[in-house]
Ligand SMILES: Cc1cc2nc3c(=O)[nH]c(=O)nc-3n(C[C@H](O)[C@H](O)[C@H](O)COP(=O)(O)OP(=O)(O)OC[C@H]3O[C@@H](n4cnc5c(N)ncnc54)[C@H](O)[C@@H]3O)c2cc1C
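First, one chain by itself in structure tokens, the form predicted on its own.
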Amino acid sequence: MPNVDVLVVGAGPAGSVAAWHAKQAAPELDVVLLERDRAVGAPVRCAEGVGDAGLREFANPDRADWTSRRITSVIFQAPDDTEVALADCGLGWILDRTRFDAYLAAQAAATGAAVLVGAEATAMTRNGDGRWHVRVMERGNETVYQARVVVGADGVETMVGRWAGLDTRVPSRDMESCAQYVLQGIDFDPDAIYLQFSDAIAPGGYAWIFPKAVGVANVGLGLVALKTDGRNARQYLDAWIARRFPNGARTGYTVGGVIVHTTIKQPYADGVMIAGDAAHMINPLSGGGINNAMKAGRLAGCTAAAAIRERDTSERRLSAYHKAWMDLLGEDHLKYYRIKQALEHMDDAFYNSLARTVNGIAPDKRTIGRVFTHALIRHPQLIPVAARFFV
């Protein structure tokens, strides 16, 4: 029965960064990173877009082999296909997640963490010795790891959180079903991401085009099942693609779920922290989670290392992790969630009208701030949105 200091479950961005920073902060610790799939980063279950500033906190994308495309602009599309190009939206990247996730796991390994693929945590109990006993299946064999701290980075369906007794439930209205194709041979601006909002196209969510190369893009949508006409996400996506890109070649396909809720109230317990999607650490307005996951993983890894060095891995000690997260991004996510709730009441006619209004602003002055101010003047029904944001 191997004894380890930190056992990280899940080698996505949150888990790999947690293992990397735990070992970096305390090199004397034994850190093990588990990935249930046979390869880190596969299969890909997201649109792969990230902001430049957050990414650079962990890796340099310039000339990296794990980026697919550099993004310099954002184009919003109204339900009637009116396009609004925004200025000064900042730089972004479309990743190659199969390579990027492997890069992060390699960083963890380079610090001395052990990375195990094809290793699935199947159960977890806390015994009287103050350690968690985690059952792991690897190559048909079961091993029980004893860990002083377990970091659960095992995604939206986290089992670590449940085994630790944490409340990870999410309201059905805040769970989006997503479907995405990799399309080739389609026409779009390869330096821009496209976001289209429409109850007819993606009720409760939005559709996207994220370029991976000239003529190649991740094309998908997310929707809230409670708001649909009975069709699933893939059926909505098929209908949208049939209209937008009828001649596009579908060379890849994925489905999944995205939580657009706020961080769970307690992502920690005695000897346990959960991070990233597992703790709902996702921007509830955009559904973006890669940079958030890495930030959360860093906090979890550093907190685990400090707590073990202090010989105190209690719930009280690990609560510092949650406080640090809320100060960093969690409070902002509460505001974004209020905006999301307010926008749920806006119909397609509103978005069409807003797009035409915004296009009246000079392109070089069409920043988010100006758009919001202009929209408040021309569309008073947005005032409650602003009020909810600042209250």
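Everything numeric here is computed off the predicted structure, so don't read it as measured data. In this text, residue numbers run from 1 along the sequence as written.
If you look for the form predicted together with the ligand, you will not find it shown, but the lines that follow are about it.
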{"item": "Contact flag, P267 vs the ligand in the predicted bound form, heavy atom cut 4.5 Å", "value": "no"}
{"item": "4.5 Å heavy atom contact, A304 and the ligand in the predicted bound form", "value": "no"}
{"item": "Contact of D37 with the ligand in the predicted bound form (heavy atom, 4.5 Å)", "value": "yes"}
{"item": "Interface membership of I282, the ligand in the predicted bound form, 4.5 Å heavy atom rule", "value": "yes"}
{"item": "Residue among A108, A217, V149, A293 with a heavy atom within 4.5 Å of the ligand in the predicted bound form", "value": "A293"}
{"item": "Stretch from 78-86, 237-245, 317-325, 150-158 whose residues place a heavy atom within 4.5 Å of the ligand in the predicted bound form", "value": "150-158"}
{"item": "Sequence-ordered list of residues in 109-128 near the ligand in the predicted bound form, where near means a heavy atom within 4.5 Å", "value": "A119, E120, A121"}
